[in-house]
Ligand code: NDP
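Next up: a single chain in structure tokens, the form predicted alone.
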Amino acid sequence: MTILDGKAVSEEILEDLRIEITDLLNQGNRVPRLDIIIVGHDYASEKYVSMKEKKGKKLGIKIVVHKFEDDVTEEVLKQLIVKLNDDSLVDGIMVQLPLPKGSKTFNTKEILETIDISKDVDGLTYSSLGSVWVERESIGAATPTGIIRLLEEYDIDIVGKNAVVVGRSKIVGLPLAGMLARRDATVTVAHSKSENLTDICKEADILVVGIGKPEYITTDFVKEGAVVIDIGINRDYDGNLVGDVDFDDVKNLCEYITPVPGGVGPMTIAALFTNLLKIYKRNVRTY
């Protein structure tokens, strides 16, 4: 069993980005800028934004965080996004998800669709997501992009492999299925209404799980020698961070596995800043 060390791989990627950004700044270019919109006080969301702030500043990127209480109106959020769309100094715009739930329900789709595709650093507008399924250059959703990069860094072959993605979210599951299919995997997308989920997962050479259920996936779901990618981030009864996969139960059955934390999470951040640099380089060439 080999642990897919997303933390180590992401640090290598980020160091390469830092060197490239430093070189671009030394050539007299302006500082890259990422604007992040966060609503409410979700612990995980605030932690992610804080991590992005710290990593971004180390890279030489200007990070501007727009914080709102959960009673903010959709109109205020969309007006801000339109303003940022029109600001030539802003390279990337992202909304930290999920938006709060409760007495007020945000229309996440409409808010994300307000982002100009040229600044969609998280790759979550419908135009960006649709591009994943066709042969067109685009900014890929950050988490799926990070997962593909992690597989590549460990020379894990995707071609012809049976890949099962458990979870059909527009943020991870569906775009990742498209990325795997474009790389010639045979892809199955399973979800809460899938019958015989255990049997479906048991056939996977590459099993990717993002369902938000702590340690749900056990050896009953995993084929011997499989590659297991755990997207989940949950807290167990003791308050410890755990994934959707029971790591201790599964680790000796599979060939490769991502830990939680330290697996997919750092790769998402690395992919986000890789996306931002792509946008930034396109923008500075226009001046």
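Numbering starts at 1 and runs along the sequence shown. In this text, all values refer to a predicted model and were calculated from it rather than measured experimentally.
The following text describes the form predicted together with this ligand, which does not appear among the structures shown.
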property: Any non-hydrogen atom of Lys109 within 4.5 angstroms of this ligand in the predicted bound form; result: no
property: In the predicted bound form, Ser169 touching this ligand (heavy atom, 4.5 Å); result: yes
property: Close approach of Val245 to this ligand in the predicted bound form, 4.5 Å, heavy atom; result: no
property: Contact test in the predicted bound form: Ile231 vs this ligand, heavy atoms, 4.5 Å; result: yes
property: Among 110 to 118, 68 to 76, 212 to 220, 85 to 93, the region lying within 4.5 Å of this ligand in the predicted bound form by heavy atom distance; result: 212 to 220
property: The unique member of Ser127, Ser192, Thr105, Thr198 whose heavy atoms fall within 4.5 Å of this ligand in the predicted bound form; result: Ser192
property: Heavy atom within 4.5 Å of this ligand in the predicted bound form - qualifying residues of 264 to 285; result: Val264, Gly265, Thr268
